[in-house]
Every structure is written in C-alpha cells, then in structure tokens.
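We begin with a single chain expressed as structure tokens, specifically the form predicted alone.
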Amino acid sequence: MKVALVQCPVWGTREPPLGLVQLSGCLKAFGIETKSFDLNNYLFRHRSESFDNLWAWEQSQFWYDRDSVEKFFVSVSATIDVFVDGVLGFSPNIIGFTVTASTFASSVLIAGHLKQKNPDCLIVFGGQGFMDSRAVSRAFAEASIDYVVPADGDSVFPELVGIIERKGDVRECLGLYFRNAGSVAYSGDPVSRTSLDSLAYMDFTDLRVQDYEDGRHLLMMASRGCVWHCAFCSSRAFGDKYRFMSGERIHQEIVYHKTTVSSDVRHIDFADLAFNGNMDRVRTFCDLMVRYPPVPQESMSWLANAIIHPELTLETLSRMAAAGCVRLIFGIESGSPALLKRMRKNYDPAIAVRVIKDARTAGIHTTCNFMFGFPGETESDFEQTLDFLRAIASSVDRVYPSRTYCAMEEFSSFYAHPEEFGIKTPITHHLYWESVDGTNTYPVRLKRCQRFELLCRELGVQVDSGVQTAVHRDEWFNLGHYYEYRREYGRALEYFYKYAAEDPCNAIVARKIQEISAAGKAGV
C-alpha cells in the first residue's frame, strides 16, 4: 500500500509544510510507504514574472476564488501536468491532501486531475476546517474525493490506510467521513485524542529544508488549540482544547532533527497558537536547552507565538533567552481595553507594555500583530492603539499590521453571531463585511491600517513583511477587487489601471481589466 501526500497552494514557501512532514512521519511509523509532494513550492519555484506576486500575503485572496485559480492552472498547464504525472509515477493507492480555506480551491482542482488520470486512486481530504459539517458537505459536493478526515489525521489516517489495505470496513475507522449509498456518512467521534508526546517525529525525507526559501530552520508545532477564546479566531470552533507536548518531548525532537535532517539547521519556528499556554512546560524546555544543547558548542535559536502572560517576568524571559529564544510574537490586536474585552482577548495592555520592555531587556526581540476595524472599534479605540504603539516603539523590534485588516473567519464567534457584534447580514464576503451603521467598511479598515503604518515610519518601528508590493499598489489592488465585488465597475477599473501603469506585467490585473472592459461592465 502506497500513500502520496500533496500540499496545494497557497501556503508558505520558507519551509516544508508542517502537515505533510508530520503525517509522513506518522504513516511511516506504521510501516506505510509514503511520499510527499509540494505543489505549492513547485509552482512558486517555477513561477513566471507575470505571476510573481501571487504568493504575496496581501494578495492571497486570489486563491479563494476557484475560477481565478482554474484560469491560472490553465495558463501553467504544462507545469501542472508534470507535477500530476510525478505524483502518479509513485503509483499511490491513496492520495491525501492537507486542506485549509486558502488551499481548498486548488486542492479540488488537483484532486480532479489525479482522479481523471487514475480513477482507481482513493482521494482523502483532511484538516481541522472539516470539523464543521458544512465544509465536509462542500468538499464531497465539489471535489472528486472518497474520504474526509476532520481532525487528528496523524492517528486516523494511518488507521484508515490499514483498514483499506486489509479490505476491511472503513466504518470501523472512527473520525472519518465517507460516501455511502449516494450520501455522506460519519463513522463517529474518536474515543480519545492523540497524546502529542506519543507522535512520531516529523519526516523530511521528501521535502528537504534545502529546497525552500530558508534552508536553515525547521517548523514545529508543540501544542494544539489555544487557552484563549478570541471572538475573531476559529480555532476553538474546531473542538481542539489546548494540548501540549512536554518540555522533555520538545527537546528530544529538536535534538533528533538537529543531528539527522541537516547540519545547516540552526533555528526552530514554533507554529503553536500559544507556545506559553502552559508556563511550566516552557520553563522545563528552557532548562533542558540550557543544560543539554542539541549540539554541543553550537547555538540553536527559536521563536514562538506567545500570549501576554503575567508570568512572563524578566527572570523567565531571561531564562528563555538563555535557552535560545530570539523572538516572541504577540497577538496584541488593539491597545484599547474596551475593544480587547469585546474581542474576548484576556490581557491588560499595561502588562503587555511591561512584557515587551522586559523582553527587550532580556535580549529577546518581539513582533506585535495588530488588526484594524474589529466590530465596534471607534476612532477613540483606534487612537488608543496608536498610543500603545508609541508606548512600545523603543522596545518592540517590529510590528505586523494584518493585511486582511479584520477578516471574518468562517467558524469564528463573530461570524456565527453577527448580530451580537453589529455586523450587517447576510455576510457575503469574509473581507468586505460592514457594520450595520455603515461606519466600519473595508476602505475604512484599509485607511486605518495605512495610518498605523505611517506612524510606524515616523517612530522608526519596522513593519514586518506583509505588503510585499508597494503600499500604494497594495491599496489599488485591494480596492480594485473590492469595488468589482460591489459591482462598481468604473471605480474598480480606475484602481486596476493605476496598478497596471506601474506593473504592466501583472497577469492578474491585466486579466481583470480585460474581463471588466470586455463585458462592458464599466458603464453599468
């Protein structure tokens, strides 16, 4: 029995995709022959100049539209065919896709290509987004798939492969959706969730770190879920309570990869939502990294997403720095206590200022993430965010202003209860939602983000790479799509023409101008 694992765009290109390397390790631990294929990185490395910006974060909305993705795939059909033939050349019996909102459209299309060329091959979609039954129904309706694994694929998927290999009944595999007599059936919830300490180590055999943009670091997830319940985040909707690896387990895997994957690896990026959700395990991990460094006489640095926590004292932060922590990333979002309470984000801005300053003293760099236009944000709330920025300007290393400003995550609390947050319904677009009173719109959020970035420049605060195109091009690109969505085609063309004047090689913008003009929409 052979299993191929596929990563579709859009995804990161700095390191191998975490889902694939983790699944590959778990499947191989069960003796299953497995090979991983990263279409996202393959297309990125073979992209032409006209599609150079497709992997820029602020233009990721392109990948959510199936028609746009399909047209792009047609334009690079020769490259797609080579990739698909490479997957089928492995002769897999089962092909698994890790699927998120940003990869759904491309995964549907590639699954169709694979199924067309080999109808006997079984296709499996997996990912925590499928914890919502609506996403499962959509996947079976739109994709040529046979199974969906909604969560903990590292335990359910190997079991499914084993049952298929021995020609057993797939209904015995708990945590599985499958086709049954023309409808979709569910086998039932798993009895228990996988202990993260018992997970197999990640497998980088097929997806070498050297083949990615940054070949000197690894991505690792040492916990799942979050200890907070932020209204804008969908993680809690997926039913994954906060679970974490012990400090000992984290240390062991780092030592293993340092000595086996590549001698060039010098850094770990922890992808946890809240690495310090349990402070005891953080302290244990740090003590082990100090006492038993992964390779004697060599440094191993690391960074992590962290929550503002009172126990992040100067003493603890100094211990983390000694253990190799070089950066902590905090989801600050706003400097307004009232808005933070509305977000259900449980921290005091005054403590956040203290933590950021203590981190600087300890020698740890900080990145602070911000969003703009959360429902209910007033001009006064936004001014408090600017005041917060002024308070940390001399201590923070860089900030990241959200390039979606305040996206409406489909399974978040404020998506599920828009009336509670004063959001106009029905919600027809995750970026272009607006408040009932009309004061909070996409252009308003965009302008607040720009004002924030302007203050950053005045204060000498580095803005992290989010806008990889020029700021004004980013505005033109986003407002062009916004007004096209609103069917204000004349205004859409105005912004697309501005963009094209500076970047005439951009195929996406050129196609938009052609489509709107050819349809005569500008006069509507």
Partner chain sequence: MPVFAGTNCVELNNRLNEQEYAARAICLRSSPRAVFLQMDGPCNHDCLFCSRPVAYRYFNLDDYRRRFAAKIDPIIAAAERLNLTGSGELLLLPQARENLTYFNQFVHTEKMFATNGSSLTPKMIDFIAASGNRYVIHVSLHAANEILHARMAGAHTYKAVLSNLEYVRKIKATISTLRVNYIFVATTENIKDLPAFVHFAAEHGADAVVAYYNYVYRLDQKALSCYFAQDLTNDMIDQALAVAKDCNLTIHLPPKFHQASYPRETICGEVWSNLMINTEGDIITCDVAGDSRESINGKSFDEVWNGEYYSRLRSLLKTGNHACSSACFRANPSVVNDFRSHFITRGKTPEEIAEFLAGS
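Residue numbers count along the first chain shown, from 1. Since this is a predicted model, take the numbers as computed values, not measurements.
Missing here is the form predicted in complex with its partner chain; even so, the following discussion is about that form.
A heavy atom within 4.5 Å of its partner chain in the model of the complex is found for exactly one of Lys28, Lys498, Arg66, Lys35: Lys28.
Think of it this way: in the model of the complex, its partner chain has a heavy atom of just one of Asp81, Glu172, Glu315, Glu248 within 4.5 Å, and the residue is Glu248. Comparing 132-140, 402-410, 193-201, 437-445 against its partner chain in the model of the complex, the single stretch with non-hydrogen atoms within 4.5 angstroms of it is 193-201.
At the 4.5 Å threshold, heavy atoms of Gln252 reach its partner chain in the model of the complex. Although the partner is absent here, Thr259 sits close enough that one of its heavy atoms falls within 4.5 Å of its partner chain in the model of the complex. The closest non-hydrogen atom of Ile163 lies beyond 4.5 Å of its partner chain in the model of the complex.
The closest non-hydrogen atom of Lys117 lies beyond 4.5 Å of its partner chain in the model of the complex.
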